[in-house]
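The chain below stands alone and is given as structure tokens, in the form predicted on its own.
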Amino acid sequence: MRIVAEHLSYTYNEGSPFAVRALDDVSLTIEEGEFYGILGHTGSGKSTFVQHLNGLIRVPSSLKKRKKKPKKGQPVPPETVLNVGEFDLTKRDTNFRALRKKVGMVFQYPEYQLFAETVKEDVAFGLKNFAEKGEKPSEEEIGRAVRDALQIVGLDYGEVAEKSPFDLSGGQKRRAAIAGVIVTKPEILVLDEPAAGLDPLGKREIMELLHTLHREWCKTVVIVSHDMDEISENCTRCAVFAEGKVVYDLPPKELFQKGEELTALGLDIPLTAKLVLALKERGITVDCDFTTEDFIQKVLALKGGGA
């Protein structure tokens, strides 16, 4: 499933004195199979954008029976496009239930959204909720799907299925919450700050889990983050949002060469990029992709060459 947005704008509290322009003519394409990063400081529009992808925030045209005509003498605004695979999110008759089965959304601190009496019931909720009328899965199918989802996130079904989710450890809670989203086997998985609040080991483990899901479960993974190291180490491509606009859409290797521009936007750069700049000031050029592994290999190669 390919994500295509063109001329997407959104205003909170439109028409009121409290109106806030969150997205301003955003055009962005995310190809199927990518591990895509979305960056930006608080209020940049990144979370508003991803909430459009499964219809949690609706495109205004999808809520109206008729298109609003421009006032006399004003130019016709460009047509908004928001397609996620075969789903046209600008249309009123889009099957949003089917869309949400295909596009899983994991919010920041997902463990706070656990609610059922047992882990099994919590994970099964999404599977039951997104089932089309007349296509309710059997208890056997639900049990098998829950077992598979818990297994892929690294939880033992026999150990946790009948436990209260509130009796799990912090890391187990987050994995159980993710299992509750992926149980429908979405083609696209969107996560808002997936490593928020975790220590370095927890961050590494959760990113390893996301790469496992990307390989074996969900074709496309989109993460929202302000952690530049997280983006440089994991993403194939990334977009930078600022004031509701997309200002960059580049692979990390190209993006993090723009240190001054990112700093001007109130963003940091990865540690590896800082080290590359520091070495450059000393006359040493390191051409790396800004992952730690590649940086170390390139530096060692320079050393071996007598640099």
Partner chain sequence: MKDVAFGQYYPVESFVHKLDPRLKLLFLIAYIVAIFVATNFYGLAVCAFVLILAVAFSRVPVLKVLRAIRGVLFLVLFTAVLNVLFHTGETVYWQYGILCISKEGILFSVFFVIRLVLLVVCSSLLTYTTTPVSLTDGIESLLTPLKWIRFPVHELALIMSIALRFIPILSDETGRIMNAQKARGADFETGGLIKKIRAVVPILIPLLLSAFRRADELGEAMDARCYMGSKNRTKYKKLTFGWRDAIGFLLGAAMVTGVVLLRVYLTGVV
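Positions refer to the first chain, counted from 1. These numbers come from a predicted model, not from an experiment.
The protein also exists as the form predicted together with its partner chain; that form is not presented, and the subsequent description refers to it.
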| query | finding |
| --- | --- |
| Full three-residue contact with its partner chain in the predicted complex, heavy atom 4.5 Å, for 105, 114 and 181 | yes |
| Contacting member of 250, 265, 56, 279, with respect to its partner chain in the predicted complex [4.5 Å, heavy atom] | 56 |
| Among the candidates 212, 129, 138, 95, the residue which, in the predicted complex, approaches its partner chain to within 4.5 Å (heavy atoms) | 129 |
| 4.5 Å heavy atom contact, residue 13 to its partner chain in the predicted complex | yes |
| 4.5 Å heavy atom contact, residue 175 to its partner chain in the predicted complex | no |
| Residue 233, heavy atom within 4.5 angstroms of its partner chain in the predicted complex | no |
| Partner contact for residue 157 in the predicted complex: its partner chain, 4.5 angstroms, heavy atom | no |
| Candidate stretches 217-225, 195-203, 117-125, 140-148 - the one whose heavy atoms come within 4.5 Å of its partner chain in the predicted complex | 117-125 |
| Residues within 4.5 Å of its partner chain in the predicted complex, restricted to 15-31 and counted by heavy atom | 17, 18, 22 |
